[in-house]
Structure formats: C-alpha cells, structure tokens
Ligand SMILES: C[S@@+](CC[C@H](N)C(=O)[O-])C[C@H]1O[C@@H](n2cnc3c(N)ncnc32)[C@H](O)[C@@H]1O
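To begin, one chain is listed below as structure tokens, in the form predicted on its own.
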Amino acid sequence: MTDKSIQENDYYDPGENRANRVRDLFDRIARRYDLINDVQSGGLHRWWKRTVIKEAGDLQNKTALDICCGTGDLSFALAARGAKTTGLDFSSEMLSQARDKILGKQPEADTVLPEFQQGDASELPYKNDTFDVVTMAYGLRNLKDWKLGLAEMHRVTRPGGRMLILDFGKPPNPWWRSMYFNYLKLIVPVMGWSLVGDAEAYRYILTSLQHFPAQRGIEAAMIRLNCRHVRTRLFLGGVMSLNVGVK
C-alpha cells in the first residue's frame, strides 16, 4: 500500500470544515483516549513522550507550552521537571480530562501543576518569543494548515528555545511502511470500535497521515524557518518520529 491509495474517512475534511470535524473526533474519544493509546501502542507512547521530555533539556525555572495537549501527559511531565507549563487544546472534552487529572495529583512543594487553556494551534494567543520550550504531540497532522501551525509554534518560542514535535511517522523502508499502514488500516479501527464504539475515529489516523508529509516534511519546514540543530529521531523504524529544532 502506498500513499497514493489514500483511505478516506468521515472525520477527515480537507476544506474549511477540517477543524470542526477534528474537534468532533477528539470530543468523541476523550474519555477513552488514554486507554486506547496504551492499547494501540503497547504502552510505548509513554516511552516516546519521556524521550520528548529528555530532549527538552533542563527545564528548571523555564516556561513551556504544550500545544494540542490533549489529556495532558506532556504538560504534566514538563511541569514535573520544573517548567512553568501551559497546556493548550481546542477540544473542551480533552481539556476536561486533563483538568480531572489535576484533582488526583498531590504535587511536591516545589512542583507547580500545569495550567490548561482552550485555544487554536493555528492562532496561538501568546506574544512572540514567550516560551523556552514548545512541544506538540500528535497535533500538527490534525491542523487544517500544518505549516501555519508550525510557524505559530516557532513564533512563540524564544530565541534559543526548543521546538519538539512527536507524531506518527512514515517509515522509509517500503515493506515496513506497508506493514505499518495495514496495521493502521485493519487493526487500529477494530480497537477503536471495541473500546470507543467508533471505528472511523481511529481509521482517521491513517487518512490524516497519508495527507501529511510526516517527519521529513516537518524537518524541511523547520530548516526553512531557520531553526538550528534540526534533528529527526525515528522510533521503531519510523513508525513514530520526533522532530527537534532550536529557534
């Protein structure tokens, strides 16, 4: 299977309604989002997110923004490392799940829990050069204009600050890519149906990935934004990827 054989999906709209359909999707799956992440990745998403935090460097007394924060995994991890952290997402249901986690937290005396805010990743409500670290996990692929989202991410990062983007990748090996895409096409929707009651919500992953340039496209765009020390890390042969750059 190649990128040309794109699987269309009820939640994927390439036009003006893209944001609304994606919001509908995440509002729909919010309560089971963490569970199905564990199931479909075999728990590996936790390791990938820990790698993001390691790549963020020293976070003590720094400011961090976690765009498309979802239920807040990265936001909480950034805050636990000492960063004053804001998590931003446009899905009210995902933010509700993130805020519910705060109720179960017992922070140490020197730890400040993240703040969560509803907002648009394509039009961030922050001034230029605001944050030392800006992260985005599984979000850029879902934006109507991913290049605009990346530009906004770059805009609010301070000079010398780090930008880190974790997302589904496109394995460079054709055989492995075919195996992986078939897993997303055939197996992941079954998980979505059994755990969320909505196969289309998880069939969307493959459709959105096929419409997205993935790790190498992000890498090239970061270079065009004049980011320094641009690197791309591949996990499981490119099944997942982490793009890193310094403004």
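We number the residues from 1 along the sequence you see. Here the structure is a predicted model, which is why all the values come from computation and not from measurement.
From this point on, the text means the form predicted together with the named molecule, which you will not see here.
Colleague: Of these, 172-180, 151-159, 136-144, 76-84, which stretch puts a heavy atom within 4.5 angstroms of the named molecule in the predicted bound form?
Modeller: Correct option: 136-144.
Colleague: With a cut-off of 4.5 Å between heavy atoms, is C227 one of the residues that contacts the named molecule in the predicted bound form?
Modeller: C227 lies outside the contact set for the named molecule.
Colleague: Using the partner position in the predicted bound form, report whether R31 sits within 4.5 Å of the named molecule, counting heavy atoms only.
Modeller: Judged by the heavy-atom cut-off of 4.5 Å, R31 is well away from the named molecule in the predicted bound form.
Colleague: Check whether E115 has any heavy atom within 4.5 Å of a heavy atom of the named molecule in the predicted bound form, and answer yes or no.
Modeller: No, E115 is distant from the partner.
Colleague: Under a 4.5 Å heavy atom criterion, is P189 part of the interface with the named molecule in the predicted bound form?
Modeller: Although the named molecule is absent here, P189 would stay clear of it in the predicted bound form, with no heavy atoms inside 4.5 Å.
Colleague: Within 4.5 Å of the named molecule in the predicted bound form: all of Q210, A214 and G238, by heavy atom?
Modeller: Zero of three within 4.5 Å in the predicted bound form.
Colleague: For the heavy atom contacts within 4.5 Å of the named molecule in the predicted bound form, list the residues of 194-227 involved, in sequence order.
Modeller: Result: empty, none.
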